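Here's a solo chain for you in structure tokens, the form predicted on its own.
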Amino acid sequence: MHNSVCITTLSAISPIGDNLADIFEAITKAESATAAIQSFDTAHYPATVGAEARDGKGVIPSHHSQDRKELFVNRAFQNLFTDHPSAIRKYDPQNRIISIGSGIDYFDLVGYIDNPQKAWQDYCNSATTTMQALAETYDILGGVHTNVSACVASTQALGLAWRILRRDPDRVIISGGFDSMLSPLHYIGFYKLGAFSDASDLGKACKPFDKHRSGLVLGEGAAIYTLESEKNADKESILAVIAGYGSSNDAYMVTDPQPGGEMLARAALEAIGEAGITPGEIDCVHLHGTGTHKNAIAEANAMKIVFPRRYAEIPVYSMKGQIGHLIGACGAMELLGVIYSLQNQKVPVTVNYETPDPEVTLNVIKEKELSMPIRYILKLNSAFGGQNSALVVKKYE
């Protein structure tokens, strides 16, 4: 018999706030956080839009020598251990595990240009090194798993944590994701890929599923969670239950999703099957929704496979119009939207969705949140390399 895996505490640094109350309020207000970048000089860049992490004072500043994703995850860990000290410390250090997703190594391009006499390695920072340091700081001795599988990294990390806890319920796992591609080298790399939105209105740059969508906007931040088995969790603190997980690969193209959505649908159906339910029991779907043309087509086709009779009726939502695309951290950050839906029994508005696309016949919620009974949510994410991941998250009862 498998054990229920519960989300019991969380900590987040996001483009819409650094605490759960502010983040939930921002989701309710449905205001976009995409704007002109402030954290580095974009004067000579052909694109200038991003969704930068904020606290109560505004955009979180950093020096070019600082890896922003490291800054965010350090803050998130500190807040988690400060706000919920017993959630992890009630477990022996050997039973504490990290399973987290992140992005590619940071490279301080400005520092390297200013002082090229130093070795280029001196300007690099990796997610793995960051997590090893945090494990040492917080006495986490059960293992560190750092996943860097692009835009499914944090969803896969949560899926791995789910699998571990289902088999070994006496562990606690800190899981989630952290990333920032808002730095001179990484930002221009994404621009050269041709993935960025070309919208002139920066607040409406990312338009998931909209007929006039033109590309993605990069976001940044960190979202981490403590996962525990139900038998060990404080029942009053349980935020949600991860009920199922699935993963697949298109084997189609490095940068494009499989247009028919077949393998994305397979990941979704695997997660639904692992949850022990049928597709008919899913109440709404939180999609990947990047704001690109190809993503919307692929996700719509996957929905037709998973929900052949109601793909045009089941409510769907994407968070990226509001917070941008957090790449290695997107699934973990968007899990906040899932928890919001379960706790408030509402499907949020997909920010910037205005004009339906006849090629994408999905029930995207716009203008006003949809109040409805919600027990099970399907969460999908996809990535370069054809990677797909899915979670089924359940309201705790």
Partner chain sequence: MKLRITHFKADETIPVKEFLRNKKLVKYFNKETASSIVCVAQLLRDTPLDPFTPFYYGMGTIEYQDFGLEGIAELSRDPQSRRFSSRRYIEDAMPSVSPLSQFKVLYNMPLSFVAIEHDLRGDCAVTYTNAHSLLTQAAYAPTEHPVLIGASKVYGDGSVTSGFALIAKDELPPPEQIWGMEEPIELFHYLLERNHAQ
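Residue numbers count along the first chain shown, from 1. What you see is a predicted model, and the numbers here were worked out from it, not measured in a lab.
The following text describes the form predicted in complex with the partner chain, which does not appear among the structures shown.
Novice: Only one of L239, M263, V306, A87 comes within 4.5 Å of the partner chain in the predicted bound form by heavy atoms, so just point that one out.
Specialist: Of the candidates L239, M263, V306, A87, M263 is the one lying within 4.5 Å of the partner chain in the predicted bound form.
Novice: Exactly one of F107, Y91, Y138, Y311 has a non-hydrogen atom within 4.5 Å of the partner chain in the predicted bound form; which residue is it?
Specialist: Contact residue from the list: F107.
Novice: Mark S126 yes when one of its heavy atoms lies within 4.5 Å of a heavy atom of the partner chain in the predicted bound form, and no otherwise.
Specialist: Yes, contact at 4.5 Å.
Novice: Is the gap between V144 and the partner chain in the predicted bound form 4.5 Å or less for some heavy atom pair?
Specialist: Contact check for V144: yes, within 4.5 Å of the partner chain in the predicted bound form.
Novice: Indicate whether E367 is a 4.5 Å heavy atom neighbour of the partner chain in the predicted bound form.
Specialist: Contact with the partner chain, no.
Novice: Tell me, yes or no, whether G276 is in contact with the partner chain in the predicted bound form, where a contact means a heavy atom of each within 4.5 Å.
Specialist: Although the partner chain is absent here, G276 would stay clear of it in the predicted bound form, with no heavy atoms inside 4.5 Å.
Novice: Among 208-216, 313-321, 70-78, 242-250, which stretch has residues with heavy atoms no more than 4.5 Å from the partner chain in the predicted bound form?
Specialist: Partner-contacting stretch among the options: 242-250.
Novice: For the spot marked by G58, E230 and I377, is every residue within 4.5 Å of the partner chain in the predicted bound form through some heavy atom?
Specialist: No: no residue has a heavy atom within 4.5 Å of the partner.
Novice: Using a 4.5 Å cut-off on heavy atoms, which residues of 167-194 contact the partner chain in the predicted bound form?
Specialist: The stretch 167-194, when checked against the partner chain in the predicted bound form, contributes R167, D168, M181, P184, L185, I188, G189, F190, Y191, K192, L193 at the 4.5 Å heavy-atom cut-off.
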